[in-house]
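The chain below stands alone, shown as structure tokens; this is the form predicted alone.
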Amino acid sequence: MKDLKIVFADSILPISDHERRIIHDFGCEVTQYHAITPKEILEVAHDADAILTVGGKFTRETIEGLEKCKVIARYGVGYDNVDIKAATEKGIVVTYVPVYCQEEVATLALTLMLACSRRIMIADRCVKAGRWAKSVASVSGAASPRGKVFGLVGFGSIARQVVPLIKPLGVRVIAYDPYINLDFCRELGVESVELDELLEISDYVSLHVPLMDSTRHMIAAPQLHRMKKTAILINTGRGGLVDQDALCEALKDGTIAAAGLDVLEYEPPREYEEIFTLDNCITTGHIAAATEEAIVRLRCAAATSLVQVLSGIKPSLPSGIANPDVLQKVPLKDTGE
């Protein structure tokens, strides 16, 4: 296997000994580059047998330029930076890691909700600026969660992790998901509602859906205007779920009270982001999964899935295949076979 070329295309997450050990045990080495754009990726990986990536732009142009790639292993729950259709047509397996950080994302959603509702960052800046005596006044409008309504947009595994964290605070939990599992709702004591109703009655709206054509800008000006003026929007999903310009206007004119964003519509941010100037918005830079424990799980799962595909084996949880239709072209054995 030593003649296989394995490339870690980008350096958003510097490679560690965890990946190196897994790939070295397979009999190969891996080289990391700083390639993000299609042109940059093809310069370093056009002849790669396998590619690891965090945020590389694997457009159709990129994928069609890959000469012998068998697998693209993406670090993370999502894979919207990879053209799945193009990869499937090319016979490239795309792996991802869907179940490594549910608890971590759920706890950050709760953290952002509490930080926004208690105006923690505003108080912090007030005290550090030498205005300790004015800290109480600085958090005017802070609210307690008990008796409020917490709305989950999306009711997948991460959203379901939020429920037992938030329920002890005395909130009523509701959820919208076009594919909602009512058994999970009954088990967790969550009410299923339509999106418009959720937006209208929730005090906290927390987004937990993947970014697709059908969900891009699912929260835009019309939806923001349906929300309460006291409502807080939390997004630990994908930045493109929210029309960021519309959100800025809503935060400035009081359409909603606050927002806690771990993700932005443009990542990395544009040269000037108005959202960064607003006191009633907290931004945390896509860190929801960034605990030591979760990152180790992610690293090991991504590298293992790459090695499994190269070995003719179908990855299993915590990894998965983002384009299962590719198995019609690239048959892989189950791990138990």
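Residues carry their position along the shown sequence, with the first being 1. All figures in this text were calculated on a predicted structure; none of them were measured in a lab.
Just so you know, the form predicted together with a small molecule exists too; it's not on screen, but the next bit is about it.
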Triplet 13, 111 and 295 all within 4.5 Å of the small molecule in the predicted bound form via a heavy atom: no
is_contact(residue 208, the small molecule) in the predicted bound form, heavy atom dist at most 4.5 Å: yes
Contact flag, residue 238 vs the small molecule in the predicted bound form, heavy atom cut 4.5 Å: yes
Any non-hydrogen atom of residue 254 within 4.5 angstroms of the small molecule in the predicted bound form: no
In the predicted bound form, residue 169 touching the small molecule (heavy atom, 4.5 Å): no
Segment that reaches the small molecule in the predicted bound form - one of 35-43, 22-30, 286-294, 59-67, heavy atoms within 4.5 Å: 286-294
Partner-contacting position among 83, 177, 203, 265 - heavy atom within 4.5 Å of the small molecule in the predicted bound form: 177
Residue among 192, 223, 102, 88 with a heavy atom within 4.5 Å of the small molecule in the predicted bound form: 102
